[in-house]
Each structure stands twice: as structure tokens, then as C-alpha cells.
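First comes one chain, alone, set out as C-alpha cells in the form predicted alone.
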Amino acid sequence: MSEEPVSTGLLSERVEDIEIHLLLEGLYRRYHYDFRNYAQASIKRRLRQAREQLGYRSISALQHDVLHDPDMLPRLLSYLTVQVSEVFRDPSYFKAIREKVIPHLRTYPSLRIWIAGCSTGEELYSFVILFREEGLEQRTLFYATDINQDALAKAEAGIYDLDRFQLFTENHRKSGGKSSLSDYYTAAYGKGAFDKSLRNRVVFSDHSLVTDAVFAEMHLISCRNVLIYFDRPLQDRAVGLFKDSLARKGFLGLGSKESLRFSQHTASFSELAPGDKIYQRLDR
């Protein structure tokens, strides 16, 4: 009996799928970084980019070096973790935080804010500046977490290309900023460095939404443009983690393309600002 021929392109794709499965399993077993339930189309695109730009013939060759050389891990993670953000990105989101969430938070004597998946820190500085302008900074602890150590180091440094600050400044103005963004950074040698005082109330920490447990009892959690890279079960896990990490009547902010509508935890939240994807935890 003759076998049906398999096209070379289709066969290559299947081999690549096997290689990606083995690489993700190896990353988890060797380093405990778990990307196995990330959205497959996105993870495949990023691994192809890593293979090409790091100069490997195949995903298997990349896997060999990553498993045997821990110094390769940060280079691969820079492709697997998303590091695209802006200060006061989506200004209407921060305007809604300022106008609809801050009045509730003013009633608390102390506050804990979690920026989950903080990447290189742009969203963190947005929140600290906003809270300073609203007079809440000194009663607030900000927790900035990510799985990428290089991204956390950049967040802690707070230094960005100066040509990005024109956009940052415009975003800040549109968000209802009460001062000039230039009050919070100094410029030199093509870079803008945020004032160190903005980090006085910040805890930077390694935390995975995939494998780690509840972080602490928070009054506001902001996790934007992260869940879109997870598959449905992993999205449910992350939202469940946020729900269990929020204080009574606490707030959750998601990205513009993310929603709780199809989550198994939908009934635990009410929509505070639907257009800006800001939710409030219902009573326990």
C-alpha cells in the first residue's frame, strides 16, 4: 500500500512544532520559566524571530545552547517577554484611574498597588507620578513585578531614550496630569532619567503569573497587554490570582484588548469603567 506524500513545507512545520514543544518543556524543567500555555501563534512568531536574529539554523540548535548555557537565557527571554510600553500609555485609562478610582482609594489610610508584568517600567512611573500628583504617594507601596530580570533592571534604572519623552509628555497631559512631566526627569546625552525619588516607595520583584501564588492583598492591580499572550486556561489562572490578591472592593485594570467577559471569574467583578477595562472586585 502506497503512503500519501507529505509536502516539504507541511513536514517542516510539524518538525518546528515538535521543536517548539521540546524547547518550552526544557525551559520549564531547566529554569522553571513556563511558557507552555502561552498563545501558540504568538510564541511561535517570537521563537522564529529569536532563531533568526540570534543566528541559529533551527529551534533545536537554539534549545541546545539555552539548556547548556544559562547566559543564553536572558537573550531568549528578551524575545519571549513583551517589552513594548509607554509612559501614560492609553491616556484615557489613566484619566479614568484618576477620576474614578482615586476617589475610592483616598478613603484608605495605606495602599498597595501591583503593576503585574511591569516590563521596563513605563507603566510603573506613570502610576507613581499620578499618585504623587494626587497626594497619595506617601501612603502607597508600589509592587512592580516581571519574570524578565533584564526588564526589571531597566525598570529600576528608569532611563529611556530622550526622543520618547515627547510622546510621554503628550500622554501625561492627556491623562489629566497636574504638572509638567519635565518636573520628574532630567535629560542628558540623549537619555531621560526619572528622578530617584519616584522609586522610594517601589518594591521590584520577580513574579510569574503562570507559576507563582498570590502576591499580597492589593487595592489596585494593573496588568495590561499581558493576558492577550496567554491561552484561555492560563488567562483564567491569572485572573483568579488577581481576584485572590485584591482587597475587598479592590480594582483591576486590564489592557484595551483584554476583558473579563469570558473568564470563569466574571461574576466576582463589576465594570467600573468598561471602555477603559477597569473592574472592581465585588464583596467576598
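If you're wondering where the values come from, they're calculated on a predicted model, not measured in any experiment. Note that residue numbering follows the sequence shown and begins at 1.
The same protein has a further form, the form predicted together with a small molecule, not shown here; the description that follows concerns it.
Enquirer: Are all three residues His104, Phe131 and Asn171 in contact with the small molecule in the predicted complex, where contact means a non-hydrogen atom within 4.5 Å?
Expert: Verified in the predicted complex; spot residues all out of contact, no.
Enquirer: Is Leu111 close enough to touch the small molecule in the predicted complex, meaning at least one heavy atom pair within 4.5 Å?
Expert: Leu111 lies outside the contact set for the small molecule.
Enquirer: Verify the contact flag for Gly117: yes if a non-hydrogen atom of it lies within 4.5 Å of a non-hydrogen atom of the small molecule in the predicted complex, no if not.
Expert: Flag for Gly117 set to yes.
Enquirer: Going by a heavy atom distance of 4.5 Å, is Glu86 a contact of the small molecule in the predicted complex?
Expert: Yes.
Enquirer: Mark Lys100 yes when one of its heavy atoms lies within 4.5 Å of a heavy atom of the small molecule in the predicted complex, and no otherwise.
Expert: Outside the cut-off, so no.
Enquirer: Specify the contacting stretch among 182-190, 200-208, 135-143, 68-76, defined as having any heavy atom within 4.5 Å of the small molecule in the predicted complex.
Expert: Correct option: 200-208.
Enquirer: Please pick, from Tyr56, Tyr28, Phe215, Tyr229, the one residue with any non-hydrogen atom lying within 4.5 angstroms of the small molecule in the predicted complex.
Expert: By the 4.5 Å criterion, the partner-contacting residue is Tyr229.
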